[in-house]
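One chain follows as structure tokens, the form predicted alone.
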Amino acid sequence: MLLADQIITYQANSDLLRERIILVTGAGDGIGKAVALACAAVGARLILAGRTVAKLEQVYDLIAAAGQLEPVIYPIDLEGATADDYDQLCVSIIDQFGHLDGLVHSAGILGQRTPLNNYRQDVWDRVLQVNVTAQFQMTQALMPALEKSNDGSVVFTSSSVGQVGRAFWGAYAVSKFAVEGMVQVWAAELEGLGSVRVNAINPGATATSMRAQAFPAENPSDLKTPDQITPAYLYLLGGHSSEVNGQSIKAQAR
């Protein structure tokens, strides 16, 4: 296993994910978009999942223009999707590709930055639905496709506020604590049973629209861009991490 500082500066071979089937949620923007483009650049065939078709089409066009494997667009709204929707997604993947090699959970919402005493119930429910329940349902439904891979990898996106509680982060922090726990439980249950592994990545301070929403006074030029934190994702999706399971990895030093 690579050390933390090596993961941050990991250099992927040009064929690291050659012909691997990788599904990325939130693939239309931010970290999800950057991860999708990085995976395509090293040979993966992408399933671009997200809510806004126009954004997914833009990512599709970028991948196609680069001459990389043609991706698939799969519109899905994590707030409203049902267990049947995820089951159908699994059927579609197996029918079209035979298996799934990687699942990256990048989609998420921030919710309110306010004390828990004042937190709105409807916002709480929405954040937990998108950031936790939908990710559980999708992973559970896609496990049969992942188990058909010789090297299946599930990568959740965590946060530093999911490891140490901080005031005013509300449902978002609680959801990321839940993600950290889910990774540990799922990884422990899968340990030694097959080829699927489950890990999390803490992106750190990254210049995304969600970060700008959380810290409106912050200068985005002081932050890493989404493109700069993709090495950790590539590491966990590729064969070099085949023995890594149940870990929460930082994508940058700060």
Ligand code: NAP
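Don't overthink the numbering: it's just position in the shown sequence, from 1. Every value quoted in this text rests on a predicted model; they were computed, and no experiment measured them.
Just so you know, the form predicted in complex with the named molecule exists too; it's not on screen, but the next bit is about it.
So, G102, A187 and G239: all three within 4.5 Å of the named molecule in the model of the complex by heavy atoms, or not?
Heavy-atom distance to the named molecule in the model of the complex: none of the three under 4.5 Å.
Indicate whether the named molecule has at least one heavy atom within 4.5 Å of a heavy atom of G43 in the model of the complex.
Outside the cut-off, so no.
Although the named molecule is absent from this view, report whether L69 comes within 4.5 Å of it in the model of the complex, heavy atoms only.
No, L69 is distant from the partner.
L142: touches the named molecule in the model of the complex, heavy atom cutoff 4.5 angstroms:
No, L142 stays farther than 4.5 Å from the named molecule in the model of the complex.
Quick one: does S209 come within 4.5 Å of the named molecule in the model of the complex, counting heavy atoms only?
S209: contacts the named molecule in the model of the complex.
Quick one: from T52, S195, Q58, T225, grab the residue that has a heavy atom within 4.5 Å of the named molecule in the model of the complex.
It is T52.
Counting only non-hydrogen atoms, choose the one of 112 to 120, 94 to 102, 74 to 82, 142 to 150 that falls within 4.5 Å of the named molecule in the model of the complex.
One stretch meets the cut-off, namely 74 to 82.
If you apply a 4.5 angstroms heavy atom cut-off, which residues in 105 to 123 are near the named molecule in the model of the complex?
S106, A107, G108, I109 sit within 4.5 Å of the partner.
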